[in-house]
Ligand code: HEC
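Below you will find one chain, with nothing else, as structure tokens; this is the form predicted alone, and questions on how it binds or moves follow later.
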């Protein structure tokens, strides 16, 4: 019995350390772990928890590729290559095991009542994660766009007018162009966040497969169009409080 248990544990550890699982973890973090969906490391969110459950890689692969009708689970066949979907499937399988217990985060700051509304709106699940689907703050959200905690408070005065200085247009072979944010551009690999989807998707190409040009049909005003002026003012208050009180 001990030998069987050790063999299973060893297989799990090897799988968790494999390059494919690491790749799947990166794609999951930027595509599936937003506040609206499965949460960081598959532990929380509006969608079902993934940790502590037994999955088959083939079932997860099909679900990620084609989605599930009648639910908010979309398919990613048009945004992700099959090998990237397979990497995500292997990562989700690696999450099997007891779900981690919730623990209070050391050094967590008490948020004033006056800015709680802004924080709730920033990570609003009704808006598919709200601002959190592109920005990570306080270990929530997705690190797609700029780290807002590094900006000066005056940058948050008008959240509709923030310039989109890093936007590019990516034109894959045999596909329509899409606005994106470059993650990596080397002699071997181009990785770019596809901003044409309701949730940003991290896509990987060989340099010959995609043409990148500066600028694109994306604006921050469009990204926050579902917020009212009063709601954006509340979010601004949260962001100002966050940067002014950071350690």
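Positions refer to the first chain, counted from 1. Between two forms, the rigid core is defined as the largest C-alpha subset superposing within 1.5 Å. Every value quoted in this text rests on a predicted model; they were computed, and no experiment measured them.
There is another form of the same protein, the form predicted together with the ligand; it is not shown, and what comes next is about it.
For residue 223, a non-hydrogen atom is located within 4.5 Å of the ligand in the predicted complex, even though that partner is not displayed. The shortest heavy atom separation between residue 76 and the ligand in the predicted complex exceeds 4.5 Å. Contact check for residue 120: every heavy atom lies farther than 4.5 Å from the ligand in the predicted complex. Contact between residue 202 and the ligand in the predicted complex is not found at the 4.5 Å heavy atom cutoff. Contact with the ligand in the predicted complex holds for all three of 131, 151 and 165, each having a heavy atom within 4.5 Å. Residues with any non-hydrogen atom within 4.5 angstroms of the ligand in the predicted complex fall in just one of 58-66, 207-215, 23-31, 194-202: 194-202.
For the partner-free chain shown, 131, 134, 135, 145, 146, 148, 151, 155, 156, 159 of 131-160 come within 4.5 angstroms of the ligand in the predicted complex, judged by any non-hydrogen atom.
Residue 86 is among the residues whose C-alpha shifts by 2 Å or more between the shown form and the other one once the rigid core is aligned. Note: residue 86-residue 185 Cα separation is 3 Å or more longer in the predicted complex than here.
Relative to this form, the distance between the C-alpha atoms of residue 86 and residue 194 is reduced by at least 3 angstroms in the predicted complex.
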